[in-house]
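For reference, the chain that follows is the form predicted on its own, supplied as structure tokens.
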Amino acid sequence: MPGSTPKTSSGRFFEDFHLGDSIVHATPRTVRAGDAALYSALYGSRFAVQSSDAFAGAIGYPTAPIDDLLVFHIVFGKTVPDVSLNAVANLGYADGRFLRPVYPGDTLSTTSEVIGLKQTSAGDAGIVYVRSIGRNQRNEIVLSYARWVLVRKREPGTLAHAEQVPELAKAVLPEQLGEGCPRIELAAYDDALAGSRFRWGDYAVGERIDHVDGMTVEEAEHQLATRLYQNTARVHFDAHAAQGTRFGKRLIYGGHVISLARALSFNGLGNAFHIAAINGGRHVAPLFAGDTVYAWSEVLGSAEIPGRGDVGALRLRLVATKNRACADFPLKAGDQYDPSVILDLDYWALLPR
């Protein structure tokens, strides 16, 4: 009716962001055991600590924690309506730290701060940098990370209010790791039940691991996964609108690729039970339903954690490909990525010593 106030939101465009903006995201989410079960069904992750209350309890957890990436996706999903609903692409991550374990029954909420803005030369979009914080019901920080996303302009050619590209750490330091992992009772850690006899000291810097297995992505499962995280990005759901894009069809959420690759990495890294930090990451190319994902890893570094004799950290590069097995470790040809590469992720994982 004339004079009525709009009740819906079309999301923020690049012009709507200002340096220093603080955003409180809807909706708090209580994580249930059912969420964890559905996550396992979608990806088939087999890490024993997250799969078994008995295994987790024996080594020092009160119960099996929620998978680190499920925590990441839920915290991330909250930000989408306010940050990336009008995104062209999510460009990267940095300085991500998992600071406390999350258990069934915990409630997660997210806030973000705009820490950088940069216009593109084409003038039709700009890069928005945010620092997002996930907290539990006790207001304790469980996850902190930075990401940057290419966002459309409402009116191409308009100028940004200010421009600033933040300086982000190239890697989380080893002394900053371990807060999200309780002290492990090594005598109770059963390699046979965990599915691997290779512990922290069995991996060498420079070692490459082909994770061998592949997983084909179905249309229904990637949409179900994205709904699980309450991620509302149109590019993942609206097939009608996607017909007018350069791809002509829905894109699979980049986090879905990360979780698939992480699940595949169990074959070769079965004791890398906890993601302690994400140093950086890039979604190199899109993935679509019907494509098959493969993965391989490279050990970039190995570090002791000060004051911790129970676990050690491996810095891992996780590379995912589509429709190409990884026996020859595809990555780059010169300065360009191999056409099969879809993900290049740099993270720290903890393993028993």
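Computed from a predicted structure; not experimentally measured. Residue indices: 1-based, along the sequence shown.
FYI, the form predicted together with a further copy of the same chain isn't displayed, but the following is about it.
Residue in contact with a further copy of the same chain in the model of the complex (any heavy atom within 4.5 Å), chosen from Ser144, Asn86, Gln223, Ser259: Gln223. Heavy atoms within 4.5 Å of a further copy of the same chain in the model of the complex belong, among the stretches 151 to 159, 123 to 131, 276 to 284, 234 to 242, to residues of 234 to 242.
The putative spot formed by Arg29, Ser51 and Arg227 is fully lined by a further copy of the same chain in the model of the complex; each residue has a non-hydrogen atom within 4.5 angstroms of it. Mapping the unseen interface onto this chain, Arg250 counts among the residues with a heavy atom inside 4.5 Å of a further copy of the same chain in the model of the complex. Using a 4.5 angstroms limit between non-hydrogen atoms, Phe55 touches a further copy of the same chain in the model of the complex. Gly34 belongs to the set of residues with a heavy atom inside 4.5 Å of a further copy of the same chain in the model of the complex. a further copy of the same chain is not shown here, and in the model of the complex it never comes within 4.5 Å of any heavy atom of Val165.
Contact residues in stretch 201 to 231 (any heavy atom within 4.5 Å of a further copy of the same chain, taken in the model of the complex) are Gly201, Asp202, Tyr203, Ala204, Glu207, Ile209, Asp210, Val212, Asp213, Gly214, Met215, Thr216, Glu218, Glu219, Ala220, Glu221, Gln223, Leu224, Arg227, Leu228, Gln230.
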